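What follows is one chain in structure tokens, specifically the form predicted alone.
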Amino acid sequence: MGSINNLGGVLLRYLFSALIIVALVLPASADYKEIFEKEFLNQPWGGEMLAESACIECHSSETMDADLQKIPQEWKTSWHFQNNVSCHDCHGGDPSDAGMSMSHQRGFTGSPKYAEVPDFCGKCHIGILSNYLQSGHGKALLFSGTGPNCVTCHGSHNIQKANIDIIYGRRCTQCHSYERAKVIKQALFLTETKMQAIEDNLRKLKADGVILSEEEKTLFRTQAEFRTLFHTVDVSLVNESTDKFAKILTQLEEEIKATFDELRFRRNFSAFLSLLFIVIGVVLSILSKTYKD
């Protein structure tokens, strides 16, 4: 009987030690949940939808011209829509008042003329406008009025998130041969692929409730700066900048890998603790029956 009691005492001490470990581990896990709730679910990119406006209602009506009637649905598939950029953010006016929605007193500017499009988009995309105006594309538009503008490559209302897939033969050969554009795309490829992989991994971590805010901000800044280079149409400048971007992205990759490793350790340790509790429960159950007998 004494040996059984001694064994039970040893097991109880193990159980007590395991509970202390759990008490230390659980708060760290709770931090992830708290950060997830505070920093992700409450952010605009968590799925907040924009209210209908006078612009949308008018353009969706049966009396509207068929081409103009397509605009709301095109916009709702766009990167602008996903980031809460609405009609009045670009075109001005007052979407809350149907009678004044197209009033110049309320800032309505309407659709820009072809040559005015870069300045129109450049109100928000300041760095891109600067690079575009210095590029062959921008100079062609300024000197001849017929060079490609923002809409030529990006479209007007169904604008998608920028990436190098926008550079392809059929689009580029509307104005010139694809050869130079192909060289630029090849120069951009490795950096763009790295950025996409990092973005995918950050999305996976976010799905697990892990928010790496600083890493997300660094990636966003890097993407913005890198994609601004698209608009220089200057392969030499892109190649010169590659090393700088590579260092930033490599550091991000290492930080994200460390986070994945930590998550893997936590999951394995949790599984070990679960198994330990099951074993302890079984042993205690056996000891209890033995003690009664």
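When you see a residue number, it is the position in the sequence shown, counting from 1. Please read all numbers here as calculations on a predicted model, not as lab measurements.
Just so it is clear, the following notes concern the form predicted together with a small molecule, a form of the same protein that is not shown.
- prompt: Does the small molecule come within 4.5 Å of a heavy atom in each of C58, C121 and K161 in the model of the complex?
  reply: Yes: C58, C121 and K161 each sit within 4.5 Å of the small molecule in the model of the complex.
query: Here the chain is shown alone; which of A98, A197, A115, L190 has a heavy atom within 4.5 Å of the small molecule in the model of the complex?
result: Exactly one residue meets the criterion: A98.
query: Heavy atom to heavy atom, is Q105 within 4.5 Å of the small molecule in the model of the complex?
result: Although the small molecule is absent here, Q105 would stay clear of it in the model of the complex, with no heavy atoms inside 4.5 Å.
message: When the contact criterion is heavy atoms within 4.5 Å, does F220 count as touching the small molecule in the model of the complex?
response: Judged by the heavy-atom cut-off of 4.5 Å, F220 is in contact with the small molecule in the model of the complex.
query: Can E216 be called a contact residue for the small molecule in the model of the complex at 4.5 Å between heavy atoms?
result: Taking the distances in the model of the complex, the answer for E216 is no, it never comes within 4.5 Å of the small molecule.
message: Since only the chain is shown here, I'm wondering whether D89 would be in contact with the small molecule in the model of the complex (any heavy atom pair within 4.5 Å).
response: Because a heavy atom of D89 falls inside 4.5 Å of the small molecule in the model of the complex, the answer is yes.
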